[in-house]
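Take a look at this single chain, the form predicted alone, given in structure tokens.
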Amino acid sequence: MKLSQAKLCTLLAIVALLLFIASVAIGRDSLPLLTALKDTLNGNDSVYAVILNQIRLPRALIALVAGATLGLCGAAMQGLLRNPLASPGLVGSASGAAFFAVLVLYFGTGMVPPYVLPVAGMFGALLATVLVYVLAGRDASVTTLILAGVAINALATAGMSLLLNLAPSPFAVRELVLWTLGDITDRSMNDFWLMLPTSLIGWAMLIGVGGKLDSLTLGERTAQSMGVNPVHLRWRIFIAVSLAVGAAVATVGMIGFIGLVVPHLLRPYVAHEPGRLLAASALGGACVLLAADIGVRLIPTDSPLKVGVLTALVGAPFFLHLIVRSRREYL
């Protein structure tokens, strides 16, 4: 089934808007949204206004932007590598961001300002990208880039494992582990404003790459004959993904499968065209993370369920189903 890009994006935008409103209004305790908005506009610091402005609204905004980043970057990586199994973390940015954020948690718990954690994560993402560039070289092939990204991922994961092993107390271990599971609770507007600029820079760098990704599906040589510079395109997308995903991971932790599953779900509706998939995947990723964040609030558990755990529980079996179905189609 093929939909026009305008119709598909409009539909997804409406769903994202409804989920955003639901995310603000729904929780373990319901929030009278109109009353909270009225109190906020009147400058009345009521309980409802405080819950809206300091808890619900930052959480919904971060889920919206982080989900859009994961979906967009997943589609960009899959289009660039021409591989539906590619993910946003393939270039090492996610693991680099996570490692530096864990470093801050390990050495500075309770002693550093709140903004240091996301800043450290973004720095880690950029450093991981630089290391991939140094390892692979400027004119590296796609295979070499993937191998360099896998090596940096393995190095960052080993570093996180070492920190967990050397953690001074069970409480420190618990805090480190819970952060790596992916979570949007206890986030403030300061976290959102720290994440937003780097995310927007990454998004802006992906503007205009859709047509080039479409050309790349015909092969690198054909794309070059059409005026596309594969090396320039490759690094443009890698740096954009590192900036945007690094900001998201530094803010919400490791949230998997959105960048993998969302492009898979939407690809048939855009006739498998990588360029048309970018905007749709951004909106779809926002919808999925907003829905998952609503889900963790409504699922009755003794301790709050982490949103990264829910996306993995739902995303992994669904992705396996997609793989099996695709395999049957080729048999």
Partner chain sequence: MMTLAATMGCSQYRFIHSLYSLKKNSLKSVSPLSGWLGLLLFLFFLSVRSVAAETPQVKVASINLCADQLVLLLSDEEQIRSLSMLSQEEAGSYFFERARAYPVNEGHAEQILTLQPDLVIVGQYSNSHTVAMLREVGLRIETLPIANSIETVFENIASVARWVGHEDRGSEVVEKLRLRLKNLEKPREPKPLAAGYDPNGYTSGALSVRGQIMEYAGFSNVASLAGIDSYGKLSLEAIINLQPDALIESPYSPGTYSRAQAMSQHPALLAAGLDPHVIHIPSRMTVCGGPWTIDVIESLQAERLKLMGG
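Residue numbers count along the first chain shown, from 1. Owing to the predicted nature of the structure, the values given are computational and were not obtained by experimental measurement.
Just so you know, the form predicted in complex with the partner chain exists too; it's not on screen, but the next bit is about it.
- Only one of 45-53, 66-74, 269-277, 284-292 places residue heavy atoms within 4.5 angstroms of the partner chain in the predicted bound form, namely 45-53.
- The single contact residue among Leu126, Leu145, Val209, Leu117, judged by any heavy atom lying within 4.5 Å of the partner chain in the predicted bound form, is Leu117.
- In the predicted bound form, the partner chain sits within 4.5 Å of a heavy atom belonging to Leu105.
- The partner chain is not shown here, but in the predicted bound form it comes within 4.5 Å of a heavy atom of Trp179.
- When contacts are judged by a 4.5 Å heavy atom cut-off, Asp186 counts as touching the partner chain in the predicted bound form.
- At the 4.5 Å threshold, heavy atoms of Ser169 reach the partner chain in the predicted bound form.
- For the stretch 18-35, the set of residues having any non-hydrogen atom within 4.5 angstroms of the partner chain in the predicted bound form comprises Gly27, Arg28, Asp29, in sequence order.
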